[in-house]
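As structure tokens, one chain now follows by itself in the form predicted alone.
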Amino acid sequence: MDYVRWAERYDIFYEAAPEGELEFYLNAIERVDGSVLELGVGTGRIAIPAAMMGHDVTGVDLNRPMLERARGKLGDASLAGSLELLEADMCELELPKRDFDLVIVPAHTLALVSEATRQLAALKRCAMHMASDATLIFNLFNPSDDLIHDESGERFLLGVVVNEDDGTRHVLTGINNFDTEAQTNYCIQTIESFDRNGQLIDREELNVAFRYLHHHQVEEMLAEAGLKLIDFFGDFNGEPLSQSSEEMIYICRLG
């Protein structure tokens, strides 16, 4: 991934995040009386509001351009809590603080890790930084049979984001290319921006690879990482995980 180009458009893409995702994580943070660690903090779309609500948050990301944009946004934020932003690899994370009360890995971030051994390492690092009664929450996309065996190569709509200030409309689309042997989706995501008159003013293609996991593999990894699965859902409203679910959302504790 070209994270410089991604950082410039990250917030636009995540305006079209799955319904309820931001509220789900902020509600989980609000229920915690203690410190929060976010892995894959990006430009701070969750961490900054959480710190504004009065929570003490540590945000980790491997990619400096993302962190630079997050720090830029902090200049306009009034924080009732605190936010520390750190550049680090979540698969090798070793922070001085090892007793966070909540660890979150939102936005399919674990799927951006390209190897199963490193995905397991990331979960072990989560466990390493959790207090004894802490909670880990993360979400992945559900690799349903219909999704991963779709060979149509057709472009699909991810969402439409409208800037109310200037009327700019951003149309977000994607094309999936699944390698089921490698359990990887090589996705081309496109942003087309139109002015209020419907004229195209910008078009950008971004390549991203997701290494997906099936539910039983997540369960096996959690057990190997010393984590106990408390609950799991198929969407951010708490519906049961099913074959047709688009999300896999996991709530874990130390096991």
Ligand SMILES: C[S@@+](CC[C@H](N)C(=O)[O-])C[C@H]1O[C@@H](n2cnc3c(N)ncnc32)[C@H](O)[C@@H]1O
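All of these numbers come straight from a predicted model, not from anything done at the bench. The first residue of the sequence shown is number 1, and the count goes up from there.
Omitted here: the form predicted together with this ligand. The next part is about that form.
*Asks:* Among 218 to 226, 63 to 71, 198 to 206, 50 to 58, mark the stretch whose residues have heavy atoms within 4.5 Å of this ligand in the model of the complex.
*Replies:* Comparing against this ligand in the model of the complex, the contact stretch is 63 to 71.
*Asks:* Here the chain is shown alone; which of 112, 148, 120, 79 has a heavy atom within 4.5 Å of this ligand in the model of the complex?
*Replies:* Among 112, 148, 120, 79, a heavy atom within 4.5 Å of this ligand in the model of the complex occurs only for 112.
*Asks:* Any chance all of 143, 212 and 234 sit within 4.5 Å of this ligand in the model of the complex, going by non-hydrogen atoms?
*Replies:* Not one of the three qualifies.
*Asks:* Considering non-hydrogen atoms and a 4.5 Å limit, does this ligand approach residue 157 in the model of the complex?
*Replies:* Output for residue 157 is no: heavy atoms all beyond 4.5 Å of this ligand.
*Asks:* Since only the chain is shown here, I'm wondering whether residue 162 would be in contact with this ligand in the model of the complex (any heavy atom pair within 4.5 Å).
*Replies:* Answer no; every heavy atom of residue 162 is more than 4.5 Å from this ligand in the model of the complex.
*Asks:* Any chance residue 14 has a heavy atom within 4.5 Å of this ligand in the model of the complex?
*Replies:* The answer is yes: residue 14 has a heavy atom within 4.5 Å of this ligand.
*Asks:* Taking the shortest heavy atom distance, is residue 103 within 4.5 Å of this ligand in the model of the complex?
*Replies:* The answer is no: residue 103 has no heavy atom within 4.5 Å of this ligand.
*Asks:* Could you run down 77 to 91 and flag each residue that has a heavy atom within 4.5 Å of this ligand in the model of the complex?
*Replies:* Residues within 4.5 Å: 88, 89, 90, 91.
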